[in-house]
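Just the one chain here, laid out as structure tokens, in the form predicted alone.
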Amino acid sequence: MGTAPVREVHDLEHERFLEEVHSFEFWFHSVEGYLSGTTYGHREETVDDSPSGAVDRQHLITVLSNYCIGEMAALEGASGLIAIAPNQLTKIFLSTQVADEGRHLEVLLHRMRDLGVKYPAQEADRRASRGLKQFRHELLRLVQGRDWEAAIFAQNVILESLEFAVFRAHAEGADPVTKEILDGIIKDERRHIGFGENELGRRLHAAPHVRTRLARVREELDHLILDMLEDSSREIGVEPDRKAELARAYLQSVERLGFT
């Protein structure tokens, strides 16, 4: 793969977005820079200075369990959306997102195994919050109902924006290995959010009545998201005065589409 510079998705003009960001070629350049020289999302020489205390280690395992279920939801959602995507370019983009989400899930499960979890998939399902599991159910319901706009809104705007905010906050104080893993995932989340905002922005402009339906979807899902944000903040040790900052970071993506 080459080493062409990767531009931010929000800097691309509409036509270039369609031509470049939806392509596997752009995806190859996007991931090559930060995956090169890594194994399961981090460099082999990075010191694994993970929590030594039993309580802190269990907190980290619980956090990673929630991340795994979130990535599983995104993996299942993106793969299901390919069948109902409105055009070939969108199908191609979603296929790159499926690869991203599958990789995220793999590295997070491997990280749990490094922390001593023998059966990480089963442990993740056991520990994940009820709100996250309910969100996963609602997302897949929208996908199975072939509601393209609502499913993209739930997945690539709401879920990805939540993960972006939480992962970025967690990475600031994480152990070196977990930080490298999260930093890599964050780069992908930015691309996924950019796609969702662009896709929905164009559709809302062309069909304003869609906004009413999406506002209803947001109202149905917001309490789950805010509950998950509260749980995640507590588990990763976010100071109380920073919780509002995390909520604002999540809400910014929703507000960019005109939802307040």
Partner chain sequence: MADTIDAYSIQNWLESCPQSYLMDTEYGHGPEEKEPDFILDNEVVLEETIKATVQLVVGERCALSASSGLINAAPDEASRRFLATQTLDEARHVEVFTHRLYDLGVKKQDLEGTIQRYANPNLVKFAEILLEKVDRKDFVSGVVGQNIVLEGMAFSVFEMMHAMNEPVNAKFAHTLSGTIADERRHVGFGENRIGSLIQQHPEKRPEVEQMQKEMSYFMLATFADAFRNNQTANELEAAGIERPHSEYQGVDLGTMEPEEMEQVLADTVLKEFKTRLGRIGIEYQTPARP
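Since we're looking at a predicted model, the values are computed, not measured. Residue numbers count along the first chain shown, from 1.
The protein also exists as the form predicted together with the partner chain; that form is not presented, and the subsequent description refers to it.
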Only one of 126 to 134, 169 to 177, 91 to 99, 147 to 155 sits within 4.5 Å of the partner chain in the model of the complex by heavy atom distance, namely 91 to 99
Notebook entry, point to check: All three of 182, 230 and 233 touching the partner chain in the model of the complex at 4.5 Å, heavy atom to heavy atom?
Noted result: no
Problem - Contact flag, residue 141 vs the partner chain in the model of the complex, heavy atom cut 4.5 Å - result: no
*Partner contact for residue 85 in the model of the complex: the partner chain, 4.5 angstroms, heavy atom*: no
Worksheet item: Looking at the partner-bound form in the model of the complex, is residue 109 within 4.5 Å of the partner chain by any heavy atom?
Response: yes
Would you check, heavy atoms only and a 4.5 Å threshold, whether residue 25 touches the partner chain in the model of the complex?
yes
Near the partner chain in the model of the complex, with a heavy atom at 4.5 Å or closer, the residues from 75 to 91 are 75, 76, 79, 80, 82, 88, 91
